[in-house]
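As structure tokens, one chain now follows by itself in the form predicted alone.
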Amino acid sequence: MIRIGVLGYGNLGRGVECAIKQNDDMELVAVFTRRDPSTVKILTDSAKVCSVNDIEAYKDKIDVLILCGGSATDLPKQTPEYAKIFNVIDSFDTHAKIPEHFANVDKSAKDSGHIALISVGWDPGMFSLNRVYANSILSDGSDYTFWGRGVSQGHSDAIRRIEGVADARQYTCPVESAVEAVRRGEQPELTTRQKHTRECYVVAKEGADLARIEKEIKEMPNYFADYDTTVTFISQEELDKNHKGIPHGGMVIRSGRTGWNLENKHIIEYSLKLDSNPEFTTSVLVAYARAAMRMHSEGMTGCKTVLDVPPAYLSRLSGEELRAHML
């Protein structure tokens, strides 16, 4: 049995717990929280809820610690810190800062003799793998990544921080005409605005200036200013009824050509349609926790990404079973 610890019990922490239930070679040992442990109720009767201050006492009781914090402030500190004590895995998703995060975690994990897997999920993660596979196979071509239709939790939070906003959900939506042009092999050069739109559903506080809120959303730099954005004001009841889930998804497409004169077109496409973004993300984390344990048992140390992990290490099946049934 692979003994798993979880740091943090929000959407990701609960998702890890559910994923472990579906994997009979794993057990949840403990959930660590910054909150009062007595206020955190989990679903696994056999696991303990502990204060993060007591985490070092579990050094020899946990094989892999899955970190479920946020990429903005939690993981840059937590992953290198806890790689000194455990084999760790995180879902760090700030693409531009991955090289810096990798270097920090790599030093910590190598110094302590542990293995750390970072940026595990679907993007970065499964989409990253498919970009590398497709790019390697079709060397003459163009890569396209489309996200959605799905809820962006970070963008939704940005709207909720605007004065006069009580609640909000924001959906990222691919522009269908752009997707179809890519699928036809046209290899268009697409701007940010041409690839995605943003749909915002906003609950305003009583008496709030709706025109000002809409203007602030549409002009918000780094979030909405570069996109065609629609803002729809709705009631809290409608938001709770129609927008309570966290669906997401998207697709990675490689459009390329082969032949002596590049006369033949090819399209490679990998797509996801997810009812629950966090539950799918954590299912990926749990599979890679299995890989981390196997890699560590073979003596590997330091930081790794999904690009460094052999696919066979993710599966519960033996090499013989994989060759017989999956190959």
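Residue numbers here begin at 1 and follow the sequence given. All values derive from a computational prediction rather than experimental measurement.
Beyond the structure shown, there is the form predicted together with another copy of the chain, which is absent from this document and is the topic of what follows.
K.L.:
Go through 293, 272, 40, 55 and name the one with a heavy atom inside 4.5 Å of another copy of the chain in the predicted complex.
P.N.:
By the 4.5 Å criterion, the partner-contacting residue is 272.
K.L.:
Identify, from the list 102, 147, 227, 201, the residue with a heavy atom within 4.5 Å of another copy of the chain in the predicted complex.
P.N.:
Contact check passes for 102.
K.L.:
Verify the flagged residues 95, 123 and 264 against another copy of the chain in the predicted complex: is each one within 4.5 Å by a non-hydrogen atom?
P.N.:
Every residue of the candidate spot has a heavy atom within 4.5 Å of another copy of the chain in the predicted complex.
K.L.:
Is residue 222 near another copy of the chain? Define near as a heavy atom within 4.5 Å, in the predicted complex.
P.N.:
No, residue 222 is distant from the partner.
K.L.:
Can residue 11 be called a contact residue for another copy of the chain in the predicted complex at 4.5 Å between heavy atoms?
P.N.:
The answer is no: residue 11 has no heavy atom within 4.5 Å of another copy of the chain.
K.L.:
Taking heavy atoms only, is residue 130 within 4.5 angstroms of another copy of the chain in the predicted complex?
P.N.:
Flag for residue 130 set to yes.
K.L.:
Decide whether residue 193 counts as a contact residue for another copy of the chain in the predicted complex under a heavy atom distance cut-off of 4.5 Å.
P.N.:
Heavy-atom contact with another copy of the chain at 4.5 Å: absent for residue 193.
K.L.:
Looking at 166-174, 203-211, 231-239, 115-123, which lies within 4.5 angstroms of another copy of the chain in the predicted complex, counting heavy atoms?
P.N.:
Partner-contacting stretch among the options: 115-123.
K.L.:
Using a 4.5 Å cut-off on heavy atoms, what residues in 299-318 are near another copy of the chain in the predicted complex?
P.N.:
305, 306, 307, 308, 309, 310, 311, 312, 314, 315, 316 sit within 4.5 Å of the partner.
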